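Just the one chain here, the form predicted on its own, laid out as structure tokens.
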């Protein structure tokens, strides 16, 4: 039976979710040999752009267990800092909240279980909007362009939008090793 595009995308999304759940439940934030070892360098480098801010509002789309958000919250201990963390996986948000408490930033982090395309970004709300390896998981081209528009409207004057998108992806059937193509 030939798989249609909707079924294929659903399968890909489910496999990605399973992969993330496996890492989230078996690895410890900042104490791992995986991508959970540290926040991405771009986020680390961005923090100096917010020096002098007395209040920082952040949106982390596809936050996972907090590798970037917790770092940001810790970087602004002496200031008012609130971070909305959106992830489609309830287990990611559960672990995010535990990680935030362990790092003494639980009062700065708000976990939201929702698909990125379903989370509404309020206009002029954030100083920093992150989407690190997340937007490529949006379920349709229309939702993708709609989300980019929302991001543009949701960032405050002088704010920063940080988008990291994995575009060189090749799908390989693990059973047959058949390559389905690049740039999904």
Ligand SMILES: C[S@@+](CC[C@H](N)C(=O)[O-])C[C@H]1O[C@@H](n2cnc3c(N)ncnc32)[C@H](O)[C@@H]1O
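Residue numbers count along the first chain shown, from 1. Just so you know, these numbers come straight off a predicted model, no measurement behind them.
The protein also exists as the form predicted in complex with this ligand; that form is not presented, and the subsequent description refers to it.
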Check: Residues in which of 51 to 59, 141 to 149, 64 to 72, 120 to 128 have heavy atoms within 4.5 Å of this ligand in the predicted complex?
Finding: 64 to 72
Check: Given that the partner is absent here, does residue 155 sit within 4.5 Å of this ligand in the predicted complex, heavy atoms only?
Finding: no
Next item on the list: Examine residue 115 and determine whether its closest non-hydrogen atom to this ligand in the predicted complex is within 4.5 angstroms.
Entry: yes
Check: If you check in the predicted complex, is residue 133 within 4.5 Å of this ligand, heavy atoms only?
Finding: yes
Notebook entry, point to check: Do residue 81 and this ligand share at least one heavy atom pair within 4.5 Å in the predicted complex?
Noted result: no
